[in-house]
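Single chain ahead, by itself, as structure tokens, in the form predicted on its own.
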């Protein structure tokens, strides 16, 4: 097929993230031109239901004038000023105060950045500074989990437990340790995920003991592992992991870049499951993706140590950018005024999970799993689970078939994942799952 002029420009000049460029440019880049609600429109004029909220981000849906107007007003009044030089701006102050109001009780202090990767990177540096100030500079090792996704800087890629992210760059760096993640399906333990989760915690403790507890700085955990395949925690797992961190005086950091701001029917999974983290990392739903913004929240004790530890030499040019913070405040106001958190908890979240469960008996489905308004389907070839290979990549095939039916989901390895905007209706969910079922049918033709 011949490429349009815009696709030709893209092929000539634009390096895309997480992309096989040869495959993409053979068919031409899929260019999205506009969006409203849960729908996007592409350059060919096709209207597509966005079942992934952009990239797990657009919680309040597209085209919200509340955010657009807040951004325009802030840009007109003050387009930018840094939070360096003993200075800051009103939106940054008010957003930090609002986050303290919403977050778990001990998290009352925020350092802003530009993305989830930077939020985790910031957490890593604050953790190192904290332990040095506490007289324990040997605590530098970080424990994360297999199937974890924590970002794409050199350090946060080292935290990420996905070989597709680490292997091309010869990572992880020394000092980053991956414990088993509670993916019972991948471990062929799907018949008893709770027991497998307990084994994961026990194995994590064995790793801590082997490495020496006084060298471990922190455990990072996504409450629901997102890009690793939408892996909800089995019963008792997260609480046991949190208790393990307490037992060895290890900091516990909750990576809520995906799970924050209503995705699970609560402001944060840390509230939902009483995780009481020492640090919490945020992005995506913080502004619903309208403007880049990340945040690292820390406990009162960590903040006090850092505040009285002298010059804190960390930050970014755009830390606490007033326009981004104004967007976040407007986004949070929409979540509150339209009761979208409660709506996910009581209405669309349960409906979404029931629709997923209805697909469990499809011959192309090995497992369905999810929580709130996020879910995944493990896919099977006609030969069953034993016929899967490292190169099967059924998720990509299925997501392409589903997109042909007018719905966007994400293909990951041999699974598909969905996490639509929190504003989605039952009727739109019916459209989403009709397309998924049609795509699954196409897998077995």
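Numbering follows the first chain given and starts at 1. These numbers come from a predicted model, not from an experiment.
Not on display, but discussed next: the form predicted together with a small molecule.
- Checking 99, 257, 374, 113 for any heavy atom within 4.5 Å of the small molecule in the predicted complex turns up a single hit: 257.
- The small molecule is not shown here, but in the predicted complex it comes within 4.5 Å of a heavy atom of residue 284.
- Although the partner is absent from this view, residue 352 stays clear of the small molecule in the predicted complex, with no non-hydrogen atom inside 4.5 angstroms.
- Using a 4.5 angstroms threshold between heavy atoms, residue 149 counts as touching the small molecule in the predicted complex.
- Not displayed here, the small molecule is approached by residue 117 to within 4.5 Å at the level of heavy atoms in the predicted complex.
- Checking 321-329, 200-208, 335-343, 257-265 against the small molecule in the predicted complex, the stretch whose residues place heavy atoms within 4.5 Å of it is 257-265.
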